[in-house]
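What follows is one chain in structure tokens, specifically the form predicted alone.
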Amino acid sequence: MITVLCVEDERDVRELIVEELEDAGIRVLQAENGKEGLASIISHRPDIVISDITMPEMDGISMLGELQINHPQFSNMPFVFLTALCDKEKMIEGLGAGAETYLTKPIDFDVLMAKINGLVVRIENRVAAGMEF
């Protein structure tokens, strides 16, 4: 079963995302900020990370940067930014940091689930072919 880590500081938003993913049969881990998210990635190694950008403790871009620099074993982990920051510069910054995609709030759950389902298929195909993801 695929595991997704949802890193979101707003509890109500996080709960909506978790509910949507669980309804689709996906196992979900949760973190309230980038610092907790980083610890969860290292200890639980989820298959996909969905993260806000603007959070206390550590923002999403810093969390992804920390993974890329100090934990390269996680560099292939698909990372989806889901944020209220919709200006082009932030999008370029997020994608340039290594995010798989950059989605904006308010959440379009059809688009989010299409992206997650596409990533799940890609992960499952690589695993079936004996390739590391």
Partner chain sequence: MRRRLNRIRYGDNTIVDLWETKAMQTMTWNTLPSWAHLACRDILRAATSNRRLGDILSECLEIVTGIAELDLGQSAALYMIDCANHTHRLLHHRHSEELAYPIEIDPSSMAESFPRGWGRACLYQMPLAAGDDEALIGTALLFGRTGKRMNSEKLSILRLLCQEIARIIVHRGGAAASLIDMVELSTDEIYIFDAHSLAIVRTNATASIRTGHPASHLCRLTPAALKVDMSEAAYRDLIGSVLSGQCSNISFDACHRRRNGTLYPVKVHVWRIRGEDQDLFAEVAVATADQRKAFGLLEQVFDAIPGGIGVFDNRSRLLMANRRLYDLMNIPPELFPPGSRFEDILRYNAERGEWGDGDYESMVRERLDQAQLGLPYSFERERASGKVLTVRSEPLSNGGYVLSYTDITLRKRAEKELIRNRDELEATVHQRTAEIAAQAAALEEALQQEKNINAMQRQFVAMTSHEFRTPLAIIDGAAQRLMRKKGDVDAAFLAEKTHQIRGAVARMVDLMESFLSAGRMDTGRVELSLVDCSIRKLIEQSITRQKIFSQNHRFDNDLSDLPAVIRCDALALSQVITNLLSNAVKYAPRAPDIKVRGWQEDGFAVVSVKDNGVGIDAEDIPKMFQPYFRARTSTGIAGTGIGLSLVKQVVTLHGGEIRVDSSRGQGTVFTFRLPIAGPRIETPPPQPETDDEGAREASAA
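Numbering follows the first chain given and starts at 1. Bear in mind that the values here come from a model prediction, so they are computed numbers and not experimental data.
Omitted from view is the form predicted together with the partner chain, to which the following refers.
A.B. asks: Consider the chain as shown here, without its partner, and state which of 85, 97, 77, 80 has a heavy atom within 4.5 Å of the partner chain in the model of the complex.
C.D. replies: Contact check passes for 85.
A.B. asks: Is there any non-hydrogen atom of residue 64 lying within 4.5 Å of the partner chain in the model of the complex?
C.D. replies: So residue 64 does not count as contacting the partner chain.
A.B. asks: At the 4.5 Å heavy atom threshold, is residue 72 in contact with the partner chain in the model of the complex?
C.D. replies: Residue 72: no, not in contact with the partner chain in the model of the complex.
A.B. asks: Is residue 30 near the partner chain? Define near as a heavy atom within 4.5 Å, in the model of the complex.
C.D. replies: Contact check for residue 30: no, nothing within 4.5 Å of the partner chain in the model of the complex.
A.B. asks: Answer for residue 68 alone: is it within 4.5 Å of the partner chain in the model of the complex, judged on heavy atom distances?
C.D. replies: Judged by the heavy-atom cut-off of 4.5 Å, residue 68 is well away from the partner chain in the model of the complex.
A.B. asks: With the partner left out here, which residues of 1-27 have a non-hydrogen atom within 4.5 Å of the partner chain in the model of the complex?
C.D. replies: Result: 10, 11, 12, 13, 15, 16, 19, 20, 23.
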